[in-house]
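A single chain comes next, written as structure tokens; it is the form predicted on its own.
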């Protein structure tokens, strides 16, 4: 796909994404997309932060904590995204995804393992018959792509990155948007790239890997920008909107995730379609993760507390959850050696 460069009037047509045409109309151009995004109601920053603080202060009953811990595990994308990743490390990650707690086989499995594209085949092979959402207790393979984490590459390179991961067996693609283009107000370029990446997610059997669109909210500067980027990603065809790469501070925060949950709630009210949300980066403890569960239930609804609609992007979170589960089971905390070091 070739990206268009809008003329001075902003009337160059954009890629014909069906969602955007349904909402904005057949006159889908840089100008009409910009009008739509800039016409969204402004975010009440004070109200948003106060609401997040209120939700974050909620407690759950002790009888609900065991359920919450198991739910968190089932929503985790267990992640390793380091330059020093090896096939052995990825196989170890998969082993932990399959059996999070070898001493307690009642522990649920995680939703997915998330790796760089060149590690997809290794992860898929290690998962074996447990790979994919349709397998009993299935675990998906998610791959970061599009020149993750910076997104600074040509579209040709980004699409090749996606296609390679899909061909290797990725069930999900986590792409990064071009934040520079977005912050420059070139919404059409960001939109067209997402549409092109979505097309590149098509498999040989004509099905599509799920597309998670990473906004890198820590670089978007304002809540209004986060809201616009969220709507843009959904209009262009994203299946999930994701906060962060985990490589930029701040990564996931409760107010930003709350705002994104409000967007998917409003999209559902408008269209009847449910879009997923994935906070990623910086969520390390069960206590913090439970705050996000409360926010999901209160803002989007209980229906979102399923792996196809909500995920935690995390590496160390699972260990804390396992220690908390063990505390409920035995009445005391185990040493850190109870869990593996990722």
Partner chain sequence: MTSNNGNTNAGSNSFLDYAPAPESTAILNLKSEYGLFINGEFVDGHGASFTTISPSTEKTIATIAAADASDVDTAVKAARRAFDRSWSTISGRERGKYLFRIARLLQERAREFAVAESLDNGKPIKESRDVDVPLAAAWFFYYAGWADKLDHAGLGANPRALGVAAQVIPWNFPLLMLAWKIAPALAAGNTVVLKPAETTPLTALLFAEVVQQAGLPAGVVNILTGAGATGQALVTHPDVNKVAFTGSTAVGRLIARQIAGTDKRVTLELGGKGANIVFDDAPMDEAIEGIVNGIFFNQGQVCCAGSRLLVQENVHDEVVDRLKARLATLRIGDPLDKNTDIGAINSAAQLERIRTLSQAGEDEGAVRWSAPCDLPENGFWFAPTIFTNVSTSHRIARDEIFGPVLSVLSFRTPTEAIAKANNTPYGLSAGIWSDKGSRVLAVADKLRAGVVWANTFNKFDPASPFGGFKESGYGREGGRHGLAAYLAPAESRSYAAPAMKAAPAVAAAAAVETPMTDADPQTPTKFVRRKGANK
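Values in this document were obtained by computation on a predicted structure and should not be read as measured data. Numbering follows the first chain given and starts at 1.
As for the form predicted in complex with the partner chain, it is not shown, yet the points below apply to it.
Chemist: Of 24-32, 280-288, 311-319, 37-45, which is the one stretch near the partner chain in the predicted complex, taking non-hydrogen atoms within 4.5 angstroms as near?
Modeler: That would be 37-45.
Chemist: Honest question, do 94, 106 and 340 all end up within 4.5 Å of the partner chain in the predicted complex by heavy atom distance?
Modeler: None of them does, since no heavy atom lies within 4.5 Å of the partner.
Chemist: Indicate whether the partner chain has at least one heavy atom within 4.5 Å of a heavy atom of residue 274 in the predicted complex.
Modeler: Taking the distances in the predicted complex, the answer for residue 274 is no, it never comes within 4.5 Å of the partner chain.
Chemist: At the 4.5 Å heavy atom threshold, is residue 210 in contact with the partner chain in the predicted complex?
Modeler: Outside the cut-off, so no.
Chemist: Does any heavy atom of residue 265 come within 4.5 Å of a heavy atom of the partner chain in the predicted complex?
Modeler: Yes, contact at 4.5 Å.
Chemist: Under a 4.5 Å heavy atom criterion, is residue 206 part of the interface with the partner chain in the predicted complex?
Modeler: No, residue 206 stays farther than 4.5 Å from the partner chain in the predicted complex.
Chemist: Along 281-301, which positions have a non-hydrogen atom within 4.5 Å of the partner chain in the predicted complex?
Modeler: If the 4.5 Å heavy-atom criterion is applied to the partner chain in the predicted complex, 281-301 yields 293, 294, 297, 298.
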